[in-house]
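Let's start with one chain on its own, the form predicted on its own, as structure tokens.
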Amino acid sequence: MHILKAQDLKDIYKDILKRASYFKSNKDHPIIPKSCALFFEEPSTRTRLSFEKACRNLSLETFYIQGSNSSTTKGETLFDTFLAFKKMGIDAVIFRTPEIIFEDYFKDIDIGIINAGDGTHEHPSQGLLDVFTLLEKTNTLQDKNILYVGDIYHSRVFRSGSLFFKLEGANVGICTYPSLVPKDYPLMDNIFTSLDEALDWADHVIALRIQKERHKDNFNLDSYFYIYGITKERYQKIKGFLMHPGPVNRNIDIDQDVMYREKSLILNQIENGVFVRMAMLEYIILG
């Protein structure tokens, strides 16, 4: 069973959210006598560690493989790497890669796979935990306006999360430079270039990091904060909650003085990541 994109969970994501809620409320976690490899070709703190913690909470034998030390640096494909994992008796793989992985890439490998971020494409576990975190605080997202702010073009968090928010009946808007508006993504109800105008529309705000590593040209980060940063003044305008998938660039994405104020759910997102990922792991391994 594979979870490569948010669409793979369209019909069962509510069951995963319920299971995540159970895991958060109960300490009697199931013991799953299986194994899981974490294969990360890009840097990660929150996603990698929360997946590893989720594995260990479920008693999964866990192996971490850093992509820079793997045979993919010698030209081996991810398909062949994961096939080798399978033949070694590994039951599931969580991966992060700078490549974009399409849905049929792993179709011939009988191993559980979760995409923990592929290039600028998808990040289903982050999208799901963002919805979980907001629902935990609001109970419903029906007809609510969810605003993503920042580097939309390169954001796999946006591409996964917006689908789950739409499934919950929310409206999804974006605010960014015109050059960072995706041309191929249909799930946008509103597109703003003025953040102050966007905040008048939004109920909840998800700030995103400028992904400097994916830009060919250097960004003027001081002017970015002035135009699209969550300043103290803009924080006050947020009607509902503020979120960020991390890592946060202080005083670029969000003013450091409001990062953990009462409207911020950033730490809640980190906490909930473990429980949502436990539920996803249980699903792909046990079905």
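From 1 onward, residues are counted along the sequence shown. Please read all numbers here as calculations on a predicted model, not as lab measurements.
This protein has a second form, the form predicted together with phosphoric acid mono(formamide)ester, left out of what is shown; the following refers to that one.
Residues within 4.5 angstroms of phosphoric acid mono(formamide)ester in the predicted complex, judged by any non-hydrogen atom, belong to 38-46 and to none of the other stretches in 232-240, 57-65, 38-46, 22-30. Site residues Lys5, Gly112 and Asn115 are none of them in contact with phosphoric acid mono(formamide)ester in the predicted complex, judged by any heavy atom within 4.5 Å. This chain appears without its partner; in the predicted complex, the one residue of His204, Arg159, His154, Arg96 with a heavy atom within 4.5 Å of phosphoric acid mono(formamide)ester is Arg96.
The partner is not shown here, and in the predicted complex the stretch 143-178 never reaches within 4.5 angstroms of phosphoric acid mono(formamide)ester through any heavy atom.
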